[in-house]
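The chain below stands alone and is given in structure tokens; this is the form predicted alone.
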């Protein structure tokens, strides 16, 4: 059986992931993501009403025209998890393919919400829910799709595996080795080891290289939870304002902030549209999340809530807000610019329970937001966080588990691939033979 892999998006940047695997006449697409930094750099740009070709020209979504060079039919579109750099282009591109979107329940619900906001294209694709550990047939030639549970900075993340007669294709974006997660099950390393040793083994492993230049291993989310507990408990006697910001999609982290806010005697309130969206979706699909926390999503209601906080006393509340990357329209940035009813004063605490996404636009915006917060007297607590991506020791462990015949680095630019290339070469792989560093728009023939 011929096996080809089209590296469509996410092979020259962190963002707009999209990869297609052709096994004979059957094609499976993994991820259809958005490069958010290409959108945020424009003031007040709304993608919902934009045409896909305009977004492709901007570099915001994958240029999927290379799909016309793959001879076969798309059988499934499979997002690995619910981050926008993996699902943000589904509403713009999926309608071109007569195939269902197959994902875990939380990811499916986020995809539905993206589709509801879409103003340009109709969407008739089926949305099929499949749990981690589930399988489904692909085409009529013996291929099967499997979801292997992994741990990441969003709940219900999986690594999809396409089993073919020539061996398994393991799509390894995005994960960390977490054996003590705050929500959900640990990473299923036992299943990865089985896949590496059954049948024809792993034909190809496509791997996320976000932290491949960093030594050691990525800590568990339980480590971030204890760090967060230590930081917030240190503020227990402070009677001024405390604000926290984290990834809205990081349900486990938001849950920890809510719990510790209550333990130090403050009422947590989730503020911001995406904060309301992700946490509301988590409750909707039955994820273990506080059911009684207040969520406010729209600007007018947010400002009214901030007025109430000021009237009742900042010391009684802990707002959990959007804007940890310094996004210009996000709530924390508006607070830093003095554009909300919330008055920042000398000594007020701002906890960033998130790292800066390593991309120049984000780094510049976050720098500006922190400077504005400091000018109002706020004290910044930075990087109360652990990454959702493997460092080098995790990569060694995955290679040992899977023992792939071929490797394709992904989820970085060429400089970001360098650490992973060195790591693979130390394990006996060779550039151009079985280690394929590639770019967007290329097709690699494996069989």
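All figures in this text were calculated on a predicted structure; none of them were measured in a lab. The term rigid core refers to the maximal set of C-alpha atoms that superpose within 1.5 Å between the two forms. Residue numbers count along the first chain shown, from 1.
Form predicted in complex with a further copy of the same chain: not shown, discussed below.
> From the list 234, 301, 311, 284, which entry has a heavy atom within 4.5 Å of a further copy of the same chain in the predicted complex?
Replying inline: Selected residue: 234.
> So which of 117, 198, 239, 230 reaches within 4.5 angstroms of a further copy of the same chain in the predicted complex, heavy atom to heavy atom?
Replying inline: Comparing distances to a further copy of the same chain in the predicted complex, the residue within 4.5 Å is 230.
>> Test of understanding: in the predicted complex, would residue 43 fall inside 4.5 Å of a further copy of the same chain by heavy atoms?
In response: The answer is yes: residue 43 has a heavy atom within 4.5 Å of a further copy of the same chain.
>> Just checking whether residue 264 would be counted as a contact of a further copy of the same chain in the predicted complex - the rule being heavy atoms within 4.5 angstroms.
In response: Although a further copy of the same chain is absent here, residue 264 would stay clear of it in the predicted complex, with no heavy atoms inside 4.5 Å.
>> Taking a further copy of the same chain as it sits in the predicted complex, is residue 418 near enough to touch it, meaning that at least one heavy atom pair lies within 4.5 angstroms?
In response: Looking in the predicted complex, residue contacts with a further copy of the same chain include residue 418, since a heavy atom lies within 4.5 Å.
>> Considering non-hydrogen atoms and a 4.5 Å limit, does a further copy of the same chain approach residue 84 in the predicted complex?
In response: Taking the distances in the predicted complex, the answer for residue 84 is no, it never comes within 4.5 Å of a further copy of the same chain.
> If you check in the predicted complex, do 217, 223 and 382 all have a non-hydrogen atom within 4.5 Å of a further copy of the same chain?
Replying inline: Answer is yes for this spot.
>> Please pick out the stretch from 418-426, 46-54, 23-31, 62-70 that is in contact with a further copy of the same chain in the predicted complex, where contact means heavy atoms within 4.5 Å.
In response: In the other structure, the partner sits against 418-426.
> Counting only heavy atoms, which residues in 144-178 are within 4.5 Å of a further copy of the same chain in the predicted complex?
Replying inline: Counting only heavy atoms within 4.5 Å of a further copy of the same chain in the predicted complex, no residue of 144-178 makes contact.
>> Taking the rigid core as the reference frame, tell me whether residue 40 has a CA displacement of 2 angstroms or more between the shown form and the other one.
In response: Yes; residue 40 is a residue whose C-alpha shifts (by 2 Å or more) between the shown form and the other one when the cores are overlaid.
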